[in-house]
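Heads up, the chain below is alone and in the form predicted on its own; it's given as structure tokens.
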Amino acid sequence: MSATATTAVPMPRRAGGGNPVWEFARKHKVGALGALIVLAFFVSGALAPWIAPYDPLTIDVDGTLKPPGSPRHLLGTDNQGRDLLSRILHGGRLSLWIAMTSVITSAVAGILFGTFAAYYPGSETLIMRVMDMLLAFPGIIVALTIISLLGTGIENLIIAIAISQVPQYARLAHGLTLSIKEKMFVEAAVALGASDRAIVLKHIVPNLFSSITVQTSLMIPTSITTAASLSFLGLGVQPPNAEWGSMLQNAMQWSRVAPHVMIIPGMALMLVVFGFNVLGDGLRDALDPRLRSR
């Protein structure tokens, strides 16, 4: 009796080895571009104290309003001689900190309210009507109201932005929870005697992550622009702290003499918002099963 030797034929490997990051970059090139822009701002913000050429608050009365391109000041200086590159780096650090902190806070609160209202119908009317009332006003108006009650400052700015964004997360979590709790695996968990807490934490909340991730990537630029708007109005980050909105407000009176003092922080703000928006679009296309099937 003879045995026939067989040789395993290796299957061709897909490009990137199935790496999800590579697959995302290959299929969603614009989203990958947004991710690179966002990563660049995060890295530059995190390393700002070490890579900024000057202290962002240092005043040089002999070097005011220098144009970009000088050997000592790559992006020029403002009306007080402060280095614009250093202020952009530190401003991005502060703007991203405010945006991330406020978005995380609003996401946690919104998921809590939304899932609770959907899982316990008795609380739905009260919670969701409050969310609807907040949604009836533009987010900037809600933030302005909170700031007027609490006062100015970075901490109050974060609280105001977070409160203005809670309803969006609550509505999203509420709708998704209503759908998920009707699924077979949730009904099976209920039949097996699992507690409400276990069902919510193990079966419902994990299934919210993809939608919450996309929502977060789109809410961060909203937080950045809201913070910049409030700082521009004098209600957010106060001078002399480096923040893009306050830099734009300070640059208004010098925009004709030295337009770069307004263009540079405006371009930084536009670029980071663009990066987050196209990254969010790419994540939505990658994580939504209906869009993937197309």
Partner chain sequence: MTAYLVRRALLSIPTLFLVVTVVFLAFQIIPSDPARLFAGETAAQETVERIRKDLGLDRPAWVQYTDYITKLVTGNLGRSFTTRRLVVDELGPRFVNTIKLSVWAILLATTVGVLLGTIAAVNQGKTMDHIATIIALVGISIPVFWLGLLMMFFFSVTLGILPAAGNETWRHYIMPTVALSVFSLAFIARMTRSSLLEVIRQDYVRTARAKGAQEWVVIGRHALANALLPVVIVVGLRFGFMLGGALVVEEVFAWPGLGRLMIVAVGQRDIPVVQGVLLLFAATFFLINALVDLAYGLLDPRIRYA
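Residue numbers count along the first chain shown, from 1. In this text, all values refer to a predicted model and were calculated from it rather than measured experimentally.
The same protein has a further form, the form predicted in complex with its partner chain, not shown here; the description that follows concerns it.
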query: Its partner chain contact at Phe24 in the predicted complex, heavy atom, 4.5 Å; finding: no
query: Residue contact check: Thr145 to its partner chain in the predicted complex, 4.5 Å heavy atom; finding: yes
query: Interface membership of Pro68, its partner chain in the predicted complex, 4.5 Å heavy atom rule; finding: no
query: Contact test in the predicted complex: Gly139 vs its partner chain, heavy atoms, 4.5 Å; finding: yes
query: Heavy atom of each of Leu112, Phe116 and Gly175 within 4.5 Å of its partner chain in the predicted complex; finding: no
query: Candidate from Ala198, Leu150, Ala188, Leu74 lying within 4.5 Å of its partner chain in the predicted complex - any heavy atom; finding: Leu150
query: Proximity to its partner chain in the predicted complex, single hit among Leu135, Val205, Ile212, Met100 (heavy atom within 4.5 Å); finding: Leu135
query: Contact stretch among 253-261, 47-55, 34-42, 60-68 - heavy atom within 4.5 Å of its partner chain in the predicted complex; finding: 253-261
query: Heavy atom within 4.5 Å of its partner chain in the predicted complex - qualifying residues of 95-114; finding: none
